[in-house]
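Only one chain comes next, encoded as structure tokens, the form predicted alone.
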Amino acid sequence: MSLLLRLCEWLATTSGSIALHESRYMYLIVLSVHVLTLCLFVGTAAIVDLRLMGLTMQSVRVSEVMTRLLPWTAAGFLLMIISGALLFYAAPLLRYQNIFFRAKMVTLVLAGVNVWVFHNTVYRRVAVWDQDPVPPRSARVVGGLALVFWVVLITLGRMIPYQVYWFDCNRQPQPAIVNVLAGCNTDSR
């Protein structure tokens, strides 16, 4: 059994996890905060990405769009991560064994790498192309990739609750690939 699986099993038995999972209202409040901050984050990030692609606000400098929207994007991201961590904490074992959750986390890492690459390469030369209605190809690619990542993340997030209908570690036998992707512990069966 993996260390991460044991950690999730332990987390699921903590009083905070149980209380959050069994709460009539708190879980729904956290879920609502997660969705609302997702809207704030993705909404502002999408505007930035569309500007990077040269599809909107072409008369506004890219640096101006970034200066005005990135604080809102960062706030939305921070609150979304905190509320997402609480949602994980409410049912850690179910999330750990959820193919869609795992894919969402991988996509989140890829989106983070995309942002990191942009800020450490393309955006360092923004003074050269800041006022161009259509930014250079590298900025457009980063913006387009980011939009794809946000769509995939939202779709995977919406699929998380439906995992139990398709890939449930408690319903065996399943194809071996499903057990591997979901992190099912089939040794004890």
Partner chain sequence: MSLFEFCERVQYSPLLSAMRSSSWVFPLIASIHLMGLALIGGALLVVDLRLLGLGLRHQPVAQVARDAERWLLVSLLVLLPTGLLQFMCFAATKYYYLTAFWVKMAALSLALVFTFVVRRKVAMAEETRMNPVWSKLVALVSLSLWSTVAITGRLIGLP
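Remember, predicted model here, so these are calculated numbers, not experimental data. Positions refer to the first chain, counted from 1.
As for the form predicted in complex with the partner chain, it is not shown, yet the points below apply to it.
The partner chain in the model of the complex comes within 4.5 Å of a heavy atom belonging to Trp166. Remark: Ser32 counts among the residues lining the partner chain in the model of the complex, judged by a heavy atom distance of 4.5 Å or less. Within this chain, Ser59 lines the site of the partner chain in the model of the complex, having a heavy atom no more than 4.5 Å away. Interface residue remark: Thr44 is counted as part of the site for the partner chain in the model of the complex, having a heavy atom within 4.5 Å. The partner is not shown here, and in the model of the complex the stretch 73 to 87 never reaches within 4.5 angstroms of the partner chain through any heavy atom.
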